[in-house]
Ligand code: ARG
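Only one chain is given next, in structure tokens, and it is the form predicted alone.
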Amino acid sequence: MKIKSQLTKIIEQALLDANIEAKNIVISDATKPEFGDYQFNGVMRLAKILKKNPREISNTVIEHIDTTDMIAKVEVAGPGFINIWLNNHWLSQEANSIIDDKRVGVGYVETQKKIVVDYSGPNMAKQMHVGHLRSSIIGDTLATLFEFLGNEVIRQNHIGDWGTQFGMLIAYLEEQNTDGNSQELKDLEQFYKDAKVRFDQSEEFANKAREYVVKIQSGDEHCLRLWQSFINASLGHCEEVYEKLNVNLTRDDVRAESFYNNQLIKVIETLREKNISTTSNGAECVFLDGDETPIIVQKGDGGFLYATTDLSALTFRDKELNADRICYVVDARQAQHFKQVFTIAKQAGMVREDVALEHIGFGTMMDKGGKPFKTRDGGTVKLVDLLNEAVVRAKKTIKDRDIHSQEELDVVAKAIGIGAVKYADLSISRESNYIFSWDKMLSFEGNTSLYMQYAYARIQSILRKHNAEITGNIIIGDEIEHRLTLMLLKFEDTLTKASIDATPHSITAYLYDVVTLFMKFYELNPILKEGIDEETKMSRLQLATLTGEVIKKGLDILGIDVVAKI
């Protein structure tokens, strides 16, 4: 339900009827119920242009606002704000129209875009660790959101599978006489450490590893076969994590560094042809205005760097995938790198001018001491271990509640545990660092996944107790029902803004508002209490049902499962 766009048209018409010329009308959510449902705050800007008193302008405008359908009343407040209250009958009609809608009132974008989302990006030399969590979760949520709104989404998992370390690893694979699919690779971390020990201790092994790097890059069949075995085993570890996380990445989405290897020299040729790069101290460099340090795209020994691969990837995504928007969900510390790469790509014509290039940066997950999350001995926390622990802790949290069978407990514990980890991450502004806290994320109170899942389960319990067909319409009877219904109808506006700004936390904030309002509604307006007339009971049941569907759909976009009982 695009409420804001409808209100914008009404205000635009009122301004036109009042002979006031205005552009870029912005309707805002009211900050408090007493200020209405929405506000138009643009009168102050108009007052400066027209050189008139803002309250005088506002009073003129509200005389022309149509209050026969959508709007119940308007008032001028403060220095000239226009407060807007929506009509209960209109809200009821709109809510009733989406009760049986699988999309709960959310339409599709007017113009479909092809959006590439680059996220997760594990290195094939090691198992995924907590450093990959935010990229995987935020990226997958955005990709799902873009798809839900009707865009064509191309997921890209830009894995690190190329470079000098792989010569060491395949040399060790060969020395261990393994095909890359056996027990030796069960623990990638240990395998990497063992290979590194051999590399450091044996000059003969180190020389062999360096030779293998050259052989891999030159296409040697034997070395490539060992390299591919290692990549397959590594991807198997990643897929285990993606399955646990409920992240929609498959091998078809993998676009590894090696994929662009043959195209890197073309990047250099293009930059030279466009007079964008220059040779400096034997290296090919790009000097950008305002940057003292050049961007090296080819080293003096002929080797390429991350910037070269990223420029090749941008060219592919523009020319081959025909993307309209390219999103890189990568650590915020890479902001300067992507700013430089995007500038070079546009200057060199590698990407069309109208293609949106976005670095969707995010902060770091911290421990209680405010330091990057590590194991007790200072090592990197494997992501699969963190997720397994989340399920174990969730099971302890709910084991004494309304879960009967062991099978049921296992299913619910997984939904709650994984949901807790994901929601805790997504509920924070992605650009911020956040403190990882098991107690907070597995709490039944506050803005947590468990609070959302519990509200959904409570609604399902109400529906089970009713145990009969729900008929009739939503009829708004008081202020809390007005506010809850309005909030449910804001779902589309919320998702639209989240997709434009790439801000998953605005979805979690919305869900928290929905659940908080529902809990107040549930407390103040009993649904199944004896003595309530049938029309009122059915109205409240419909409102509860719609609330449940919005919660479920919102969590689904976040990649979090709901449960029928907790």
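Computed from a predicted model, the values in this text were never measured in an experiment. Sequential numbering from 1, following the sequence displayed.
This next part talks about the form predicted in complex with the ligand, which is not shown.
Residue stretch of 207 to 215, 325 to 333, 225 to 233, 289 to 297 approaching the ligand in the predicted bound form, non-hydrogen atom distance within 4.5 Å: Among the candidates, contact is made by 325 to 333.
Contact flag, residue 483 vs the ligand in the predicted bound form, heavy atom cut 4.5 Å: No, no contact at 4.5 Å.
Interface membership of residue 118, the ligand in the predicted bound form, 4.5 Å heavy atom rule: Within the cut-off, so yes.
Residue 306, heavy atom within 4.5 angstroms of the ligand in the predicted bound form: Yes, residue 306 sits close enough to the ligand in the predicted bound form that at least one of its heavy atoms falls within 4.5 Å.
Residue 310, heavy atom within 4.5 angstroms of the ligand in the predicted bound form: Yes, residue 310 is a contact residue.
In the predicted bound form, the one of 132, 114, 244, 458 near the ligand [non-hydrogen atom within 4.5 angstroms]: Contact residue from the list: 132.
Heavy atom within 4.5 Å of the ligand in the predicted bound form - the one residue of 158, 237, 430, 155 that qualifies: Selected residue: 158.
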